[in-house]
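Before any questions on how it binds or moves, here is one chain, the form predicted alone, in structure tokens.
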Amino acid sequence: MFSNVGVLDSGVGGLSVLSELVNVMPNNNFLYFGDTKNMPYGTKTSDEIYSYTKKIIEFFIKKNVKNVVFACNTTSAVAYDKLSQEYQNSLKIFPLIQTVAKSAVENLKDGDTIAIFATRATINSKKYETEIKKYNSKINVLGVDCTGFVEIVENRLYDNKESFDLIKSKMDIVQDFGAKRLVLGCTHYPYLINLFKKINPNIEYFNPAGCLAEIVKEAVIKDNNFTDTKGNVEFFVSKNPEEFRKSGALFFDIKNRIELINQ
């Protein structure tokens, strides 16, 4: 028996999470929804983000999905609390921030600074700070609004001088505050890791995707009896499927058909 796991994001960013999930759960079936029509979520209102996410969840339910991964920090920060209450009797939802916060501060000492690169909505929610301080109240949390990073990834603007200058301006903030660790607090940001390391190779980078995948695996496999048959991945987007394929190629070679869904 295979479990259908739904993975959602505003665009290609969540593919960095999907690749980790497929790696640790190769026999599982996944449905991925990239809401490219409404991308980026980070500049939207809380009500808009909630509405977009609820529609995707309803789509997943029609596809017999029982487990949903919020491969989107913004959705985890803004919409999870309300949606988890609404669907507590029908779905298991794995929110990115809340699931990985403990691991994000592992081995840091009291008084150390951890920096969070994230969208404006995630930073304004202070969800990372709230969750991290549950595990160590003496950690300093530096939130950095990285508006514009998602567009760099979605439009593949990696070599633009404007992109480099924007990223460097944010990295300079992290360096000025002497942060020990930098959390990639948006699933689009692993696409930029080479640029980050070029500017600052000395800081420790934390990509939540791998940690999240292991936790999802433990929860999902426990409830299922899997065979050795390879699982399947289905892709859905709300706009521009071929652009989605091109932009996501760094993390996932999408050979499957991408279905366009009007949300």
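Start at 1 and count along the sequence shown; that's the residue number. Note that this is a predicted model, so its numbers are computed, not measured.
Unshown form predicted in complex with D-glutamic acid; subsequent notes refer to it.
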| item | value |
| --- | --- |
| Residue contact check: residue 41 to D-glutamic acid in the model of the complex, 4.5 Å heavy atom | yes |
| Heavy atom of residue 127 within 4.5 Å of D-glutamic acid in the model of the complex | no |
| Contact flag, residue 183 vs D-glutamic acid in the model of the complex, heavy atom cut 4.5 Å | no |
| Interface membership of residue 78, D-glutamic acid in the model of the complex, 4.5 Å heavy atom rule | no |
| Candidate stretches 209-217, 33-41, 194-202, 60-68 - the one whose heavy atoms come within 4.5 Å of D-glutamic acid in the model of the complex | 33-41 |
| Residues from 140-157 in contact with D-glutamic acid (non-hydrogen atom within 4.5 Å) in the model of the complex | 150 |
